[in-house]
Each structure stands twice: as structure tokens, then as C-alpha cells.
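Take a look at this one chain, the form predicted alone, written out in C-alpha cells.
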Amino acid sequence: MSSERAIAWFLRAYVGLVFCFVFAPIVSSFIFSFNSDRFPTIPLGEFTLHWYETIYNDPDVWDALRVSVISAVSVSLIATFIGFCTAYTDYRYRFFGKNAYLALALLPPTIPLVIMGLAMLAWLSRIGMSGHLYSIMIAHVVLCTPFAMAVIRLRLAQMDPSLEAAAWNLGAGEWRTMREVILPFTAPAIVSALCLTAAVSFDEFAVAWFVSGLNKTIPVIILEVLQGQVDPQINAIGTFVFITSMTLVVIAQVLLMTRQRKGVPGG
């Protein structure tokens, strides 16, 4: 029993160290965003909101935020819809080439982002659609749809296959079964997919940098500020991006955990 306790404590300590390693830079950035000194040095200067006031009064930041929000909301809606259709097709039907279909559907996240950015830039430029807001949306939909598909497919795997057949036997058509059985059951996963894909789109940099043109997103603005000189505004903008993304991810995770609840559709 003592050895089991020792192993348990060792694993907890290891996980704690990993979390410290991962979140230490983020916590440091958050702390320095309230530091009056221009350079991140110890000891800290006075507490200030100057850097937040600076980005609040910067029209370029507001333009980038507008682009990021519009893109994230649009991408989450489109990617979740396509992801749901893909997941339900995998759940409901059997057809020739299904494995290849699933492999292609889940392929984009496995491609290095720089390679995907270059490919999307070449393709969009060829058809005259590069450098626009919808260019970011198209590229991010390709990137985010597999995440939505995976989340919703996990939820569908929890559903009793006989529920659809029971609805049909009771006289419900396919569309009514979809509306009153499938959609209520997958609702937590759908909302979770919306939040997750919005977070991925809002936080994504590499692909957006290639295809955005003059429509800069928040991560692209951070790079431009960083290229000029060390600027504490980066800490303030980074803190905002992190809090926004983490909030969406936490909401997605909480909703996704509801799939463990037992019961009929919606439960």
C-alpha cells in the first residue's frame, strides 16, 4: 500500500510539474501585462493598466478583433454543420470507400500549419479569393471541421442504435427523427463543437497569416507588434486571447462531459 501511495504522489508531482512548465510563461505574461516597466524584469515596477488602455485605444487592434470575431463565429457555425453531417454519415451509413472518406475528413489537423497555409494561399490565389475575410473563413473551416466531426461522433457513439428504428416504427419520418431524436441527443456535443471550433479559429495564426492579406486577426497583430520591438502590449493582447480561448475550451469540455449522463435523447 505504501508503494502505491508513493507512486500516486510521484504521478501527482509529475503532473504538477508539467502544468507548471506549460503555464509558467502564460502566468508570467499575465503578470507583466500589469507591470509599469517596459521590459519584463524582476523586480516588478508599479501596477498599471496602461498597456490595456493602449490596446483599447488602438484602432488596429479593434479591426483585428472584429475580423477574428467574425471569422470565429462564422467558422464555428459552418464547421460544426459540416462536422455534424460528416459524423452522422459515418454513424448512420455503410458504403464503399468509407475508410478513405473518414481518413480525408480527419486529415487537415495532421498537416503542418505552415504547409496548409502555403497550400491554401496557392489555391485561393489561383481562384482569385486570397486576401479577403472569407479567405480566412474558408481556410479555418477546412482546419476546424475535423474537430467538430470528432466531438459529435463521440456523442453519437453513446446513442442506442435502436432509438432511430423505434422512432421510425412509431411513424416518425427521417427528418422528424433527426429533429426529435438525433439533434436533442447530440445537442451538448454540437454546442461543444461550436465553442471548440471558435476557439481554434480565434487563436490560429499560421494559416491566417498566409491568407488574410490586409484583414489581420489578433494573432497576426501580435506578430506585427513583436517584429517591431519588445512591447508590453503583447502581454496585454496575449492575455486577452488566452482568456478568450480558454473560456471557450472549458465550456466545450464541460458540455462534452455531459455525454456521460445516462438517459434518453437530450440526456
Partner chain sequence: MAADPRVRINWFAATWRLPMLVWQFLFFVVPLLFLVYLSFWLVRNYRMVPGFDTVNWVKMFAKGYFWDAYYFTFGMALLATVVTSCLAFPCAYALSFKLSETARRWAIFFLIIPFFTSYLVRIYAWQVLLAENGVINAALAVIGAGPYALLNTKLGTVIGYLTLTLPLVVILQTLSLASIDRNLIEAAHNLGCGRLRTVFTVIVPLAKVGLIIGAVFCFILSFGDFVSPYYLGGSKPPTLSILIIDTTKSGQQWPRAAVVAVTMIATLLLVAFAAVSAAYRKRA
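Numbering follows the first chain given and starts at 1. Values in this document were obtained by computation on a predicted structure and should not be read as measured data.
One more form of this protein should be noted, the form predicted in complex with the partner chain, which is absent from this view; the next part is about it.
For the candidate spot formed by 118, 125 and 169, every residue has a non-hydrogen atom within 4.5 angstroms of the partner chain in the model of the complex. Shown alone here, residue 174 lies within 4.5 Å of the partner chain in the model of the complex, counting heavy atoms only. The partner chain in the model of the complex comes within 4.5 Å of a heavy atom belonging to residue 26. The partner chain in the model of the complex is not approached by residue 215, whose heavy atoms all lie more than 4.5 angstroms from it. Within 4.5 Å of some heavy atom of the partner chain in the model of the complex lies at least one heavy atom of residue 223. The partner is not shown here, but in the model of the complex the stretch 200 to 223 reaches within 4.5 angstroms of the partner chain through a heavy atom at 200, 203, 205, 206, 209, 210, 219, 222, 223.
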